[in-house]
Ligand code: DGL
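Form predicted on its own, single chain, as structure tokens, below.
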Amino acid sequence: MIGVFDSGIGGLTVLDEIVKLLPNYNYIYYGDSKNNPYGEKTDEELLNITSNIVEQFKKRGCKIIVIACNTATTRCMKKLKEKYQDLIFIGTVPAIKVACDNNFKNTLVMATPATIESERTNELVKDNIRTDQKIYLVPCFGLANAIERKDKKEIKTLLKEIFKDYKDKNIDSIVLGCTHYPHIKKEILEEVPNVALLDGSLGVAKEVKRKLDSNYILPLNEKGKVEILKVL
């Protein structure tokens, strides 16, 4: 059993990639809309929230837990690993390395303020940027929450505000640094056409496969089941 969680619908984009790659496993998805947005919680509050979710996964027999949330990964995964040493955790981080490795020259990273400010995000920039590349870290206040509420008008307004200062920067790639953002790819491309949109979902799925293989966790002999828990 594999547990996947996020602060609402965002992590479903990650779950889709995992199931596509690894269909013969059982999954539980925990969409924690009740505590959305995670980015507005203190570190202590967020660790308490994520620990409660992990406890529920443990009771259901999950051996691998995917944190399908950039904010929870950058702020909680290290402590969760220390707290639950019998479990395997896989996190989600902005696809900054992908942008740099593919030699994009002007990359804009969209993420929640908490993810943008995190030490892990800044490490990713420092470790991967090359001398001929520019990376713009852009905190997207309220965007994940607007996507969660499916507020199309608010999404459009927020995107205009987010991109207004970058129209002349020759942006050639945008890193979707929150798992909610792939839900609005069309709207993003309307504001900034002809750019590559990058997210880490496929990379997470490949990492899940590596962990399953290295820990000899075998698939079922049939297609697995996906259980969705949305906590309002």
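No experiment lies behind these values; they were computed from the predicted model shown. Residues carry their position along the shown sequence, with the first being 1.
Another form exists, predicted in complex with D-glutamic acid; not displayed. Remarks below refer to it.
D-glutamic acid in the predicted bound form is not approached by residue 99, whose heavy atoms all lie more than 4.5 angstroms from it. Interface residue remark: residue 175 is not counted as part of the site for D-glutamic acid in the predicted bound form, having no heavy atom within 4.5 Å. Not displayed here, D-glutamic acid is kept clear of residue 109 by more than 4.5 Å at the level of heavy atoms in the predicted bound form.
Though the partner is left out of this view, residue 39 does reach within 4.5 Å of D-glutamic acid in the predicted bound form, counting heavy atoms only. Heavy atoms within 4.5 Å of D-glutamic acid in the predicted bound form are found in exactly one of 151 to 159, 82 to 90, 109 to 117, 129 to 137, that being 109 to 117. Taking D-glutamic acid as it sits in the predicted bound form, the stretch 57 to 71 comes within 4.5 angstroms of it through a non-hydrogen atom at 69, 70, 71.
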